[in-house]
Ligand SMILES: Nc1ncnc2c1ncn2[C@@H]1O[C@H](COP(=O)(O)OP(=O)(O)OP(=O)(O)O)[C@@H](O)[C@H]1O
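Form predicted alone, single chain, as structure tokens, below.
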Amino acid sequence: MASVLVIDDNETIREGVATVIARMGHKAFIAEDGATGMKLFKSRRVDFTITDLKMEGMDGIEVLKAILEKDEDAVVMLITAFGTVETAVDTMKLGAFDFVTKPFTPDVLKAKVNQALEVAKIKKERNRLRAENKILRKEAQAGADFASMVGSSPAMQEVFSTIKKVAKSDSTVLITGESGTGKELVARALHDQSRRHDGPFIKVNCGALAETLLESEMFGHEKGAFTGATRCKLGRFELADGGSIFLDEIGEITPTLQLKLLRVLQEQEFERVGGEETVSVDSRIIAATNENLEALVREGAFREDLYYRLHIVPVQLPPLRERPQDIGDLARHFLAKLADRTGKQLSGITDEALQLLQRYRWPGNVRELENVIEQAMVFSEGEILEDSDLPSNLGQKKVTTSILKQESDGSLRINLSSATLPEILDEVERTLIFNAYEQAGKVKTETARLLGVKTSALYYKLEKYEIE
């Protein structure tokens, strides 16, 4: 159903045109003069406007110019008497779609309306594709943020199995995991294996923009909604219509946006910024976060009803340190993937280098591993990657078991012969902070309380030990 605005100071014609439009199955807004018509145009979603040419006050030409000033893609048709056809033709040079002369039959009007709505549909689709292509080009230029999904470990096999099952449905998915574990790859896999795979896959980084900009990115805006809004812009939810929308870093959105997103999840509709017309969409929502949303709900920072709407199908990605058996496959995968970029063709990796990689904690997960392999390839001078090619800091951040061993009763046993006193003290402090951080659900204020330290001091320690 389309929306048509009818502006005419002749009540008989105005009501007659509106009746024909309603019988065609469309919605008609009516206005008795140009000024009233412009108020309706600015406050409603209008697909097509029909305006009389001769009216007191604001005439049809002024209406046409005002509408095209607000939306250069607007479709406008004029109603004119026989004696003013020449004037009506001139208005087409100003941007009018067409004109119809009085008197006209309902069939003539229907034909004009159908033609106009087809033009409006084409323009809308063109703008949608233009905006979508702009986003896709920007993402392609930025490059992929995650490595390909590689892993034979039981944890990753469980993830692959979940993707296959979940992809077949339209249920909302919440992907959780540390930064760099591959959450966007999971989202893309869910889309590619779904019935929506021919539709768009649109990404929104919820943590990258301020609230007002993010709202405009997600839901679009009308022309004049704010300074710099020179034309109507489709939001990413509209661009994802018929496909999937990936809301990355969902834990970063403000309470105001949380409420608006809740409505989209419940009703699949919203209003653009600065607009009053309701926009309906059909898009599958896939969200991701490295935050503990349950803890944010307890703190009152995240809406409980939104959390349960997002948490219909959870997918948990394991950190790389919990699946060291996958590191060899990932390293070899990156050797092949990065060959062209680095200009190096390496045939493999030595056991010593692999052991060094497997002992490292990988706070940046798979993304960090890819960066390390690329750096090592750049400096490598042989045909196989050796431990001497790897960054020197890898040997300084081994897993806890190299210095500390946790006994079954929870106590820690220190291997005095494996490290110096400063190394042991650092590892003990790191382990205590890490355990408290996990116990507190990764909520920093609660972690600081458990440890009896100031929050500012905790931030420093989390960064120092790369725990976060």
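What you are looking at is a predicted structure, and each value in this text was computed from that prediction instead of being measured. A residue's number is simply how far along the shown sequence it sits, counting from 1.
Note that the form predicted in complex with this ligand isn't included here; everything after this is about it.
- The contact with this ligand in the predicted complex, taken as any heavy atom within 4.5 Å, belongs to 149 out of 356, 149, 167, 100.
- Note on contacts: among 350, 179, 388, 316, the single residue with a heavy atom within 4.5 Å of this ligand in the predicted complex is 179.
- Stretch-level contact analysis of 374-382, 182-190, 274-282, 89-97 against this ligand in the predicted complex, using heavy atoms and a 4.5 Å limit, identifies 182-190.
- The closest non-hydrogen atom of residue 197 lies beyond 4.5 Å of this ligand in the predicted complex.
- Contact check for residue 241: no non-hydrogen atom falls within 4.5 Å of this ligand in the predicted complex.
- At the 4.5 Å threshold, heavy atoms of residue 233 stay clear of this ligand in the predicted complex, well away from it.
- Contact check for residue 334: a non-hydrogen atom falls within 4.5 Å of this ligand in the predicted complex.
- Looking at 364-388, the residues that come within 4.5 Å of this ligand in the predicted complex, counting any heavy atom, are 366, 367, 370.
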